[in-house]
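In the form predicted alone, a lone chain appears below as structure tokens.
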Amino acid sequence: MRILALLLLISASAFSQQGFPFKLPKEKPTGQLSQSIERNYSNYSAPRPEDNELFTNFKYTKLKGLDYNNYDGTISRRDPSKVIFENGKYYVWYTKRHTPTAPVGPGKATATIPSADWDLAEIWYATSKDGFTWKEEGVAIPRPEKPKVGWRSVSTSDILKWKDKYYLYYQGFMQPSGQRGDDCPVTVSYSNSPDGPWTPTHRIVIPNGNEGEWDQYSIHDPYPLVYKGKIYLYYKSDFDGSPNLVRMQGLAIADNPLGPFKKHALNPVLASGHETTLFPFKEGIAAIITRDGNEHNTIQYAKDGVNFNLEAITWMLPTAAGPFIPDAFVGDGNGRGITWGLSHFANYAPWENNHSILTRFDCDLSLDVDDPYMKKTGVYMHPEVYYNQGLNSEQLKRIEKQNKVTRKRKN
């Protein structure tokens, strides 16, 4: 034991004296490493982000063809589905609200005035030849009559193609949003064509959790993929609420698009992220983690679709991303990744005109593309981007109070 300890000490000392290599090794060096260098080789697929297949920047482009009524808050489009390519064109489904006014909050909502941006909404769809200019085709899923699931609002849809049929999963609100943790179960409609007509099932696909469980009140953002011959439907739930809601992602699996879906025993499978955005990658599933949780602004990966590891840290991630995933419904264990999709901006206007707009994002999370412009880390933002994140009135008051205390002490 003494000889072994001495040899290890000599090896570590030799590495320390030599110093870390000038040429960054592609493989983890032998010898004693700091925890940070150890992470650089153990936590990521490559020590340089430029070589990391799951590192990317995101670029955004305004869409053409969609009207927002002069951005007065009466028309909103948000939460786009995955984009699919059928009949020689791209298809996307999304939440559309067209109401007399912008949202007014749950306390003032009526049968025609929305409480939130996604209240009193329907599922619409649009098509495009190039992914930049879109033609709105009309309503895909209207609100059903009361008391059926979704009579108050249907929103946040996503698409599945299974055995030449199409399935739209979406949230069905049965009360104005903002009450009791946004209780809005997931339901599903199906069709023989992406253009419809859609046949609603009028039943809940994924039940809420039992009392006291993390998803007892909400099952949000249904997101189906085909993986290993089964339907993997990821979803989000809001919970805790002390003082802010915690958002995590769960997984339910089925052999049939209409269920039954069985929740995974390890739920929640993702501890961070505001929406569910995933795609097949290599033999597993990758996830874009936006906004919420300790691991927000990351790309993660799970070889088994369940146990996710952090693979990349980035910025300006798309909100409620609906990527174009050519192999979303293949499930052959050879996921090729993504390069573009649609997302939304929810802060396009002041609160009195609150609404969301759809936008296009581009990236390089693909095994078949090598775009060096998407892999740069030295990205500089215009100063206005930073100034727009300025202090609010309460923070300015706090700083002024601190300044008064400092001046008094100096005097």
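Since we're looking at a predicted model, the values are computed, not measured. In this text, residue numbers run from 1 along the sequence as written.
FYI, the form predicted together with a small molecule isn't displayed, but the following is about it.
Proximity to the small molecule in the predicted complex, taken as heavy atoms within 4.5 Å, picks out 76 to 84 from the listed stretches 76 to 84, 136 to 144, 98 to 106, 302 to 310. In the predicted complex, at least one heavy atom of Q171 sits within 4.5 Å of a heavy atom of the small molecule. Looking at Y227, you'd find every heavy atom of it more than 4.5 angstroms from the small molecule in the predicted complex. Taking the partner from elsewhere, K282 is found to have every heavy atom lying beyond 4.5 Å of the small molecule in the predicted complex. The closest non-hydrogen atom of Y125 lies beyond 4.5 Å of the small molecule in the predicted complex. Contact annotation for the candidate site: W118, D221 and H274 all lie close to the small molecule in the predicted complex (heavy atom within 4.5 Å).
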